[in-house]
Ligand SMILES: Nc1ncnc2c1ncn2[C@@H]1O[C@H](COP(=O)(O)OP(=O)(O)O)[C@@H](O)[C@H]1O
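Given next, in structure tokens, is a single chain: the form predicted alone.
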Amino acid sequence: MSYNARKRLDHRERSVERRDKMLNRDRSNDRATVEEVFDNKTRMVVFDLMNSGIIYELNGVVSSGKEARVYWGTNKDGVDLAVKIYLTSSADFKAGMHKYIEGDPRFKDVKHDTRSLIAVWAQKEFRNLREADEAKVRVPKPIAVKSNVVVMEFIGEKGVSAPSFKEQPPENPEKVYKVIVTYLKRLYKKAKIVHGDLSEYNMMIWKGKPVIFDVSQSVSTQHPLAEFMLKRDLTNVNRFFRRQNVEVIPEEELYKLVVGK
């Protein structure tokens, strides 16, 4: 590994503490996050992404969950990146992965050790983002994936992510609802995937357009759970927009519209 890459990664660890302090995070949690996320193998993955020029700098945590941390990064041109690092220590995460991977024809003969499963999960998110983007669904554009790290477009500015619908409902919900329905159709008919966990928590508005994110659990339309997951997505979407006083499409009719029946 190059001296410059090592120096930048050391600088990144210091940046984590500075950035998280700005976001009102406790310093003890900062240190725990660095230790939990950046095990030796993950550090090597980040080194490789730096050496290849994909990441120049990694700053603070943007979002944190049981399964992953999302960091604000930049490339050498100063363009914002979202760097999602899946936790290799999450036992609960491993237990819940199988139902979304097994039965998806895109992923076969997957090893069941934790690191292999998480690497497949990261590949799965990257592929779902790519297929959604190719289907003209507004998602964070995928940039790179390696082991348990996914690099994608940052939806927001200067390390502050765009608000989710839960945090800030859209100002023009009728128009946005129509766009989301169009996205669901494109996901199903063109990308041939089902989001599987769509709600106000993983939809946002950025530069006037809705963006769908968190697609790691998305499955092929051939997956045994695809129909169930699609109907759950439609129920969640209609429930949210109904609360925004939108006259939504009845779910049975919406299902037929999305799948083309």
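Counting begins at 1, following the sequence as shown. None of the values given here were measured: they were computed from a predicted structure.
Another form exists, predicted in complex with the ligand; not displayed. Remarks below refer to it.
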Q: Decide yes or no: are S63, F154 and N202 jointly within 4.5 Å of the ligand in the predicted complex, with each residue judged by its heavy atoms?
A: yes
Q) Just one of 76-84, 99-107, 183-191, 170-178 has heavy atoms within 4.5 Å of the ligand in the predicted complex; which? A) 76-84
Q: Would you check, heavy atoms only and a 4.5 Å threshold, whether D233 touches the ligand in the predicted complex?
A: no
**Q.** Contact test in the predicted complex: F38 vs the ligand, heavy atoms, 4.5 Å
**A.** no
Q: Would you please decide whether P140 lies within 4.5 angstroms of the ligand in the predicted complex, comparing each non-hydrogen atom pair?
A: yes
Q) in the predicted complex, does S161 have a heavy atom within 4.5 Å of the ligand? A) yes
Q. Which one of V46, A226, L58, V70 is close to the ligand in the predicted complex, taking close to mean a heavy atom within 4.5 Å?
A. V70
**Q.** Members of 208-222 lying within 4.5 angstroms of the ligand, judged by heavy atom, in the predicted complex
**A.** F213, D214
